[in-house]
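Take a look at this single chain in structure tokens; it is the form predicted alone.
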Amino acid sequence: MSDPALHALFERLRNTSGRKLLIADEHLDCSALLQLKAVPELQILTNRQDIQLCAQQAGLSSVFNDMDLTPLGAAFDLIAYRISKEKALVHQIINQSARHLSAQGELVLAGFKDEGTKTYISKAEQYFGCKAQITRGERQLQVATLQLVRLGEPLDARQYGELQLIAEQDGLRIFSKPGQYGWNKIDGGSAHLIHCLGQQLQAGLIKPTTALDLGCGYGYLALQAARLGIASITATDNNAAAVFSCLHNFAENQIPGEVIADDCAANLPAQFDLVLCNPPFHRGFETEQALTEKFVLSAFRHLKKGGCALFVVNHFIPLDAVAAPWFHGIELPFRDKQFKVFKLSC
């Protein structure tokens, strides 16, 4: 396992008796998850569809939702959580954990100093009314164990469970919420992609009737594609918060199509005239080029013959080189100092 923070949590899970909960987001992968098959009385809560599927295949008890502990009940003897990238999500989980521990139960937080872990531990101490037991490891790893003594003021989770109107644009009402990347703004790269899509449609260079928003987030690309006249839109994302937000935006704006929880459309058999994608390039706090390759290959597999994909990436992502083995046409209709928009043709 390459993440020492997860390694530390796994050791605690193996060596603790009683009812245990692992809260798992994008830091965890399937190969690591298999190491927990022999841990008794273990429950997994995840906001990632791929982790849910892996857990099911491994015979592990798991729940997939937007990090809501309520369906799990109380009385966990150990809740283990590897610090996430999204601040509001970390606060939400710490707030909930206090209500789901047994009388002597422990919350264990693990992360690195440059991820804000020291601050999270300090805030959790104030909320739990206790002094954390802290161990340290490689790469400035910090692992904190907390027991509830006296419940204090909850951490500011930015109204985590509530959808918030973030923009009214082009006749669309766009809602989002914490728990997904870039949740509280219109991403500049996505806006450039939609501008290029409009130009392609106006010039008659593409005439799609079906489109896939791959890694949809709260659905900005899908909403704009529908506004531009594409008749049927499918949106998919691996993240529960993104799926929840996108479903609401489809209903709010009467978008014809569907929203599907899936890992990079891995279980979606349909093919489309057009794929739209603003792919992630981070897994947790780490940059990972394999993610770009994963999304490009998925786009290729989900395009009809003669279809095309529009991708927007940061300027340093070599998407043209990644796409070359699968796409015969690679064009660059937009580029500035921060973003590149590619048109990939089958």
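All of these numbers come straight from a predicted model, not from anything done at the bench. Quick note: we count residues from 1 along the sequence shown, nothing fancier.
This protein has a second form, the form predicted together with a small molecule, left out of what is shown; the following refers to that one.
- Just one listed stretch, out of 86-94, 245-253, 111-119, 213-221, contacts the small molecule in the predicted bound form at the 4.5 Å heavy atom level, and that stretch is 213-221.
- The contact with the small molecule in the predicted bound form, taken as any heavy atom within 4.5 Å, belongs to Asp187 out of Asp77, Asp273, Asp187, Glu125.
- Looking at Tyr160, you'd find every heavy atom of it more than 4.5 angstroms from the small molecule in the predicted bound form.
- In the predicted bound form, the small molecule sits within 4.5 Å of a heavy atom of Tyr181.
- Within 4.5 Å of some heavy atom of the small molecule in the predicted bound form lies at least one heavy atom of Phe295.
- Interface residue remark: Asn278 is counted as part of the site for the small molecule in the predicted bound form, having a heavy atom within 4.5 Å.
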